[in-house]
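One chain is shown next in structure tokens, namely the form predicted alone.
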């Protein structure tokens, strides 16, 4: 699947559509032969009426009957073959696109944010596949033969040709009216169905909260309103289909009877033979059958066309995959962030702007700040989940976009704020469901995360099923297993977003031990935290406020500036900033924090730089001078 997304979804869709051409050409050839064989009936009737009845020859009747039987048998084989081939066309189209669209589905929230729920590419793919496997495409392949049947009617008698043409034109106009009448209903029904299914999935995912707070009845009413709306649209579509289907069928029967009556009149006037009269009625029925089938399957045809349009529109909006001609090796030294601005997917305003810092192997950076200040947004850009609107994220001086997705996956471990495990065993979740993962790699990651002993307490150990979303585990257990998953594969950068939010003291101790081990192993650890214990093992601090970097530097100096009161190291200072008149002071480049234990406060003074504002150039200069630890 990773290799399948190296080409963009748009390219994959065009490729899948091109692959349909060759089999459809072959199926069209079969359809041509089948339609030629369908002339067996009219020709047989003409010969019987015009030759056999006049000659009264039993051997001629027997020979014609045997020949017609053989031709009909061959026609039946071709029809069966055509149906099987169309089924395989649908399955092939699905197989070519399903992996790409599955990965695109996983990334929809990263590209569209809250608007991702408006897209369901796999459901659209299923609509197209089911349509290709149904009778709709077969009817479309038979449509080009309708003019040939009408040409035969013209050869039999021009009057029959014009009468049949008028009837067929009426049916075509009827089908176009049906399309325009149902187009809006189909679109509205799809939107309402999507919204209803989204609410249902949200309610299922939050079933515990809904049960605990008695939200079930209110959610049911809200879902019921959307469900009734969806059923109403479905009813309207069914009504349209039944009305237009009945009109089409009635017109077709009337047209066939009128053709027979007109033929009888021409026979009476000695302008055609009785056999031609019967044959023309059969030919007209065969000519109108594809139109009748197209009208009958118009609902599925319209749904498939809309699904294809949605897939094309979605694939054009997704980021284009960049082919890596020369893959970058795994990073080993630095993570640099320069003047980064980040706009959340689906948004228009940057929630993080102007952030710059640089850390190197062995560093653990704690990112702190109030809720909603942009901490989680920043780390999503560090792991490549969200793109930057401005600025650069570099590993070992190479842009993050210069690394292939596989190289990034091997180099980055991420523990998100919301821990979601997948339905499978503990070992499978830790191994990120990689088929080639070994037991030794899984156990190594678990031991580094300090969760190995906890896993062994389960009766099945690493083979313990976690259930859908990890529901069989507690919040703390899910978080610790999520940490082991982040450490799997020995990544260079490990990003932990609120890693101790569900941990007990023992779990927090294991977390800090794991961070120490990672630092000693030469990794970079980034920790987003509200609780002070999460940054205990960090040696650098980045303070973020209102989406901007407030301060960056060694942990002791930054914390002393942010929380200067003795005995309350984690309480924000109430000191007045000379620049802003209040709030937390910002340490300027070239200043240090001089603490006065008696006064319990700190004030900036000129001297060698220790904690600095987020200037990447200043950080590098300080590191070269040996001032940044």
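Residue numbers count along the first chain shown, from 1. Quick caveat: nothing in here was measured; it's all calculated off a predicted structure.
Not on display, but discussed next: the form predicted in complex with a small molecule.
Residue contact check for residue 380: one or more of its heavy atoms lie within 4.5 Å of the small molecule in the predicted bound form. Taking non-hydrogen atoms only, residue 374 approaches the small molecule to within 4.5 angstroms in the predicted bound form. Residue contact with the small molecule in the predicted bound form: residue 386 places a heavy atom within 4.5 Å of it. Shown alone here, residue 222 lies farther than 4.5 Å from the small molecule in the predicted bound form, counting heavy atoms only. The partner is absent here; in the predicted bound form, the one residue of 290, 476, 450, 344 having a heavy atom within 4.5 Å of the small molecule is 344. Taking 498, 363, 428, 142 one by one, only a single residue has any non-hydrogen atom within 4.5 Å of the small molecule in the predicted bound form, and it is 498. Only one segment in the set 237-245, 363-371, 144-152, 441-449 has residues whose heavy atoms sit within 4.5 Å of the small molecule in the predicted bound form; it is 363-371.
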